[in-house]
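Before any questions on binding or motion, here is one chain by itself as structure tokens, the form predicted alone.
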Amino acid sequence: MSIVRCEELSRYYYQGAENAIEVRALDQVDLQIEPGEFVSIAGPSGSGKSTLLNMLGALDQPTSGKIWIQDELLNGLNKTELADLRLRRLGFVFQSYNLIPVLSARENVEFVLQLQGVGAAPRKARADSMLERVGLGELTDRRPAEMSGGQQQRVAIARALASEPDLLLADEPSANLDSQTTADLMNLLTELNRSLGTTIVMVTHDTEVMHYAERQIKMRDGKIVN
């Protein structure tokens, strides 16, 4: 069973006076992603890659077409059901890290587990294990302001993976990092994909970063072009 399946997925926006201008952010996109794949989605600004990622993350609804996460048809789910799907089955890594500044690295990783109802002891153990896995075992008590950008992004990855999601979605995860830190981060994602079998879909505008993925998808004008 594919972990992601999209059929004729479209997202239109309307701009201008009386919404007279139609903008096709996604235009009849068909896509399948298999369990364990590491897929990059690349393209220029306005190509539709971020809109597609938002659809996969149940953060936006299509104008038309259908999307499944495994056997779950997202169309028609209400806000509560979509929020539960995001919490239970999806992990997110953003370019701005989105860590909670008053919490330590461990507490940031524990946060999603707490929302899932995981008890205090197993929550701490899983957080420490994932921080060790991403190379931050000695920084568990540090707050975001006390860490570099690369370290903060590793905390974000640990947080996303600690809940053992079916699908990890990464939105420009290297955008704020220098070239060496970017290489280190991408090597980490590659290793985690292989060792944990986690399916990863990554949006990037960087042609070098996209080639870390085993499958590259290119977009332009709301369509997949390869």
Partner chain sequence: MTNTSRSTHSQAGFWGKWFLIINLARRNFWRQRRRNASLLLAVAIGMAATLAGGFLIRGWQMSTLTETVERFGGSILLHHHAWADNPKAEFNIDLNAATLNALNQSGLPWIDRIVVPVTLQSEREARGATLMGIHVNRELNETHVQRLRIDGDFLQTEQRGIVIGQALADDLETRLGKRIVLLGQNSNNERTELGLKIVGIYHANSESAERANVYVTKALAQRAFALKGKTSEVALSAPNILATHSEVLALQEQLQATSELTVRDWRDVAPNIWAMYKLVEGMVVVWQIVFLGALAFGLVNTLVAAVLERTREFGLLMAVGMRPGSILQQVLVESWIILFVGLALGGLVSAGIYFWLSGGIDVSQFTGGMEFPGMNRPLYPVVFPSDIFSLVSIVLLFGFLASLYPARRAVALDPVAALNKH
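Rigid core here is just the name for the largest C-alpha set that superposes within 1.5 Å across the two forms. Bear in mind the structure is a predicted one, so any value in this text is a computation, not a measurement. Positions refer to the first chain, counted from 1.
Heads up, the form predicted together with its partner chain isn't pictured, but that's what we're talking about next.
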- Heavy atom of each of 149, 194 and 215 within 4.5 Å of its partner chain in the predicted bound form: no
- Within 4.5 Å of its partner chain in the predicted bound form, heavy atoms considered, which of 178, 164, 184, 34? 164
- Item | in the predicted bound form, residue 49 touching its partner chain (heavy atom, 4.5 Å) | no
- Message: Considering non-hydrogen atoms and a 4.5 Å limit, does its partner chain approach residue 72 in the predicted bound form?
- Response: no
- Does residue 139 reach its partner chain in the predicted bound form, with heavy atoms at most 4.5 Å apart? no
- residue 76 within 4.5 Å of its partner chain in the predicted bound form, heavy atoms: no
- Item | Residues of stretch 125-164 in contact with its partner chain in the predicted bound form (4.5 Å, non-hydrogen atom) | 126, 129, 130, 133, 143, 159, 164
- Under a superposition restricted to the rigid core, does residue 120 display a Cα displacement of 2 angstroms or more between this form and the one not shown? no
- in the predicted bound form, do the Cα atoms of residue 101 and residue 60 sit closer or farther apart than here, given a shift of 3 Å or more? closer
